[in-house]
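Below you'll find only one chain, the form predicted alone, shown as structure tokens.
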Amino acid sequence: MQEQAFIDKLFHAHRDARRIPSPSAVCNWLDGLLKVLFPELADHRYASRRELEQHYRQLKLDLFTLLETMAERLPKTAAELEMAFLERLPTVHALLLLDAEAILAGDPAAVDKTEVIRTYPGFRAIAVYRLAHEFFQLGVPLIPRILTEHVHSLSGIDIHPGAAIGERFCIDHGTGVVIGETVHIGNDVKIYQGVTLGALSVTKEMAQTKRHPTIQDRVVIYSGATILGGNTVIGHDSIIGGNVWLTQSVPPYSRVYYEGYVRQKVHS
């Protein structure tokens, strides 16, 4: 009897659950889109423009189907959100090409842009983030987090889709990078593995406030650095050394590092 009651409880939970898109369907759509956007990722060479266009239109239909699954939770109709996302796609593609160029320029080990796009986890994480960010901006539920958590599991890089990241962003190596929801990152920023841009301990009531730091233009953050807090601003053209822990702002052109294991020094 106890087992039957438990099964009944599970059945009612499944019956009453809101419709959501399958994570595998979302990730398959993502994989197809990335292969269309970047021939370096494709495992198929299109024989004609018409063939590519047909594949692109299928991806559009698949996106509409995913959105339609959650129609009652969407801020607009599935068709309107599909159109809005696709209108932004050329801009996102252009941003990602700039990101690939920044990674190539910033990593002496990178041979060419094809290698960066095809093999670098930092580029893959940034690509998925930028696509997820567009859905986040449009108010689409679930899909942004499904996308970023998928690439998180593949790359070890955790970027919240709500973060605001500027042009020519470079993640080198990348394992263990965490970028929170209200992080603001400027242009030409480079970060290494193990960097955390996070929040100080906050209550749930602060969910709609800025809880994560701002990183201005042309900042380099080395491995293991932790920068916390919504009021923390790293001034432009600064360098943050490895394993630094920061909960306060530093001015532009700063050099922040630890001397030995005790004293923190900030040079402006």
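In this text the structure is predicted, and so the values were computed from the model without any measurement. In case it trips you up, residue 1 is the first one in the sequence shown, and so on.
Keep in mind the form predicted together with another copy of the chain is missing from the figure; the text below concerns it.
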(request) Would you mind picking the one in His184, His152, Arg130, Arg168 that has a heavy atom within 4.5 Å of another copy of the chain in the predicted complex? (result) His152
(request) Consider the chain as shown here, without its partner, and state which of Leu74, Leu138, Leu98, Val178 has a heavy atom within 4.5 Å of another copy of the chain in the predicted complex. (result) Val178
(message) Using a 4.5 angstroms cut-off on non-hydrogen atoms, would Asp31 count as touching another copy of the chain in the predicted complex?
(response) no
(message) in the predicted complex, does Glu40 come within 4.5 Å of another copy of the chain, counting heavy atoms only?
(response) yes
(request) May I ask you to state whether Leu52 is within 4.5 Å of another copy of the chain in the predicted complex, using heavy atom distances? (result) yes
(message) Can you tell me if Ala105 lies within 4.5 angstroms of another copy of the chain in the predicted complex, counting non-hydrogen atoms only?
(response) yes
(request) Enumerate the residues of 142 to 174 that have a non-hydrogen atom within 4.5 Å of another copy of the chain in the predicted complex, in sequence order, or give none. (result) Leu142, Arg145, Ile146, Glu149, His152, Ser153, Leu154, Gly156, Asp158, His160, His173
